[in-house]
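The data below hold one chain only, encoded as structure tokens and taken in the form predicted alone.
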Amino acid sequence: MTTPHLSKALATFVSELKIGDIPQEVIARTEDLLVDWFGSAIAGKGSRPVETMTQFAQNMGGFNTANPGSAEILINRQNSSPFLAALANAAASHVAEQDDVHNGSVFHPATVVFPAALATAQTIGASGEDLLVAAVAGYEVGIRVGEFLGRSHYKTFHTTGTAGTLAAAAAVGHLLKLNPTQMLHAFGSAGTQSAGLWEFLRDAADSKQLHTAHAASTGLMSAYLAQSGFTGAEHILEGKQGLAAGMSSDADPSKLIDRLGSRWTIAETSFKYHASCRHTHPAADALLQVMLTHHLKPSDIDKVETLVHQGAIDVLGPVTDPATVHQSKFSMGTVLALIAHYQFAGLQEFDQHFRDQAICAFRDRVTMILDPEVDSAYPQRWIGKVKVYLNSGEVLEGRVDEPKGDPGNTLSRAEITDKAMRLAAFSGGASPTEMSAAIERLWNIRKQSKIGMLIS
């Protein structure tokens, strides 16, 4: 019996994908995700790690030459090569912690797919439809690779940095019209460069922005190299010394081609409502539910127990006394303290209050407890459960089965637009007039015969 060549099957599918193959509601969802990503990319302006990486791109790219390139670096309005623009925009779009997430793969697709796809589309003069189909290709590959690598992978590796290389390669490869063999080689080159470890959280290091920048740019590079005849491992995912062999103990190869062509994983992607790690969102929504239902004030609460999955403990557990705004977004206690005091954990709440005495005092009264039901449902479902212990001695329980932003509790287009406008206003990355015009162009991306600059 011949073992199916799963990497090849996935490469062939995305290479041959056409807009007519994709349901209209999936294309519309892709437009939603594009606008949502754009807001996060603009929100990166002013962030020290992002500005550092953008300056690196500028130093490497020779912006003062006669032909700087046709790809747009969004936070500084400079043009560059597609490689460096993808790098800079991917770093920018992950720092606000507002970019999308796919639950089952625990993967942030937009921040690696759209920077690489946009930079390539602008460079080669692709159409809006071309960009959308390429994005679908990137999401389908990245999500499926994340699911394939499993929970053991995520315990140590940041899936957005690892699966993200293949997602970016697929998106760019589709724009470059790679044939199935070339796409398979692009996967091989992307997979061998997969990287990203969670250790940075313990030190409040800047690595998370490097993970997305590296994934988007190396995925792009892998596709361009494949176009030029460069070869990569043909069994990079399931091979004896491939990704799963080195990075997972529970890999499930069937996930790579699960209902390929009928199950559109991009439609399962969630928007992020709070400006924090997605692992905090279910508990945040459950706490807010309890507080609003019972008209509680923070001073009424003695302590909060969050009932969580193991992945939340693995990622959030090391962050006990956050030293930076970004690290505080991975502190369950900080997020719930902001929810208790402000009913929202947004960019301004983190920026202005994460070190407030009242926030820190509440933070230290929040604990995480592994819950069998929540853990068994994860990662397909992210259930939020909390126990709220009042000073009166009463114990209240809250539960949310679909956090705000999940497909069953999604954001409307008006809410997506408002979110993007808030992100731009917070960072100063674009004026309201500029942002409104850019968002309007993105909502009508299907009509564009050639992708130009988003902010000019």
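In this text, all values refer to a predicted model and were calculated from it rather than measured experimentally. Each residue number is its position in the shown sequence, starting from 1.
Below, we turn to the form predicted together with a further copy of the same chain, even though it does not appear here.
The three marked residues, 155, 189 and 234, each reach a further copy of the same chain in the predicted complex, with a heavy atom inside 4.5 Å. Within this chain, residue 199 lines the site of a further copy of the same chain in the predicted complex, having a heavy atom no more than 4.5 Å away. Mapping the unseen interface onto this chain, residue 270 falls outside it, with no heavy atom inside 4.5 Å of a further copy of the same chain in the predicted complex.
A residue is said to contact a partner when one of its heavy atoms sits within 4.5 Å of a partner heavy atom; residue 314 meets this definition for a further copy of the same chain in the predicted complex. Proximity of residue 410 to a further copy of the same chain in the predicted complex: non-hydrogen atoms within 4.5 Å are absent; the residue sits far from the partner. Only one of 293, 357, 228, 262 comes within 4.5 Å of a further copy of the same chain in the predicted complex through a heavy atom, and that residue is 228. The contact residue chosen from 174, 363, 211, 274 relative to a further copy of the same chain in the predicted complex is 211, the criterion being a non-hydrogen atom within 4.5 angstroms.
Listed stretches are 377-385, 245-253, 138-146, 298-306; the contact stretch with a further copy of the same chain in the predicted complex is 245-253, by a heavy atom cutoff of 4.5 Å.
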